[in-house]
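Presented as structure tokens, the chain that follows is alone, the form predicted alone.
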């Protein structure tokens, strides 16, 4: 049983927050296939605080979407605190403060992983948010292992982390790359192993280079983290959660790819919920990049990917499903590398 304050879930994994991907549609499709806990994409504090349509578009959970963490990103203690209060009042179960995303600075403001280069600001935000809403729901913190590979950066990481624990933060997620690495180069899992040993009584989630169910199980066993935060490996692969659960119960179990029928069912569900949230036109744009990722499991992956890129409407989407997913049969299990994942994300961005 994994505990984040009063929030509990049985399986040691969750779906990460992914900008441009992990809306309610992606979260619910994953929950229906074994995901016990999910995180929203990063919600910008100033957009929440400004209200209006931006706030309306940002807040989106329903009864099926629990437990869920609202992930908050920003650069100012006051607006981050106001944003956290809005999320608490909206019914999120957890608030996750994003000090991990390797985004560029915007107008010289530190956000996401850039907090790891400004420990005083990071600590000020943490203290303000915890004091304001920490008695209402658990606060978690997302970090990378440092801003860069310098000794000073690692020292700042531990300074921020120790301060977070002292405030009563319920759990911490650590991505085992630096901010400067972004998504390139190896993720240093030994760092997670050392971190868990150092903070053995704390709840630590690990992330980085988890592309398959086997990767998730290996991270749990090699590092000792309490749970795995499955990010890019979950895009277009909602079956990964049930696969991890199966391998944890039986390490020798064979993992079969989703059948064509199972793929079609997930694709149809995903688009239907996306239309409910975003409307048909925007859903079609968002779902093109999702279709690219789903297509990895189809035996005719290249051709299916090409057709998903051309989707502009619900009619186009259904046409792809009718053409490529009309007859049931076995799927294929891709074995992506980190480089493949980065390339696919670039292609998905071009299609969005």
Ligand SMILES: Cc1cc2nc3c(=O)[nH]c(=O)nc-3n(C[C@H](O)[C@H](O)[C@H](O)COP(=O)(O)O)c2cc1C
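Residue numbers count along the first chain shown, from 1. Since we're looking at a predicted model, the values are computed, not measured.
Here the subject shifts to the form predicted together with this ligand, a form of this protein not shown in this document.
Just one of 140, 81, 207, 237 comes within 4.5 Å of this ligand in the predicted bound form, counting any heavy atom, and that one is 207. Of the heavy atoms in residue 229, some are within 4.5 Å of this ligand in the predicted bound form. In the predicted bound form, this ligand lies farther than 4.5 Å from every heavy atom of residue 35. For the chain shown alone, residue 332 is not a contact residue for this ligand in the predicted bound form, no non-hydrogen atom being within 4.5 angstroms. The closest heavy atom approach of residue 145 to this ligand in the predicted bound form falls outside 4.5 Å. Annotated contacts: 21, 41 and 211 all touch this ligand in the predicted bound form [non-hydrogen atom within 4.5 angstroms].
In summary, the region of this chain contacting this ligand in the predicted bound form, judged by heavy atoms within 4.5 Å and restricted to 269-277, 174-182, 252-260, 118-126, corresponds to 174-182. Although this ligand is not shown here, in the predicted bound form the stretch 3-18 places heavy atoms of 16, 17, 18 within 4.5 Å of it, in sequence order.
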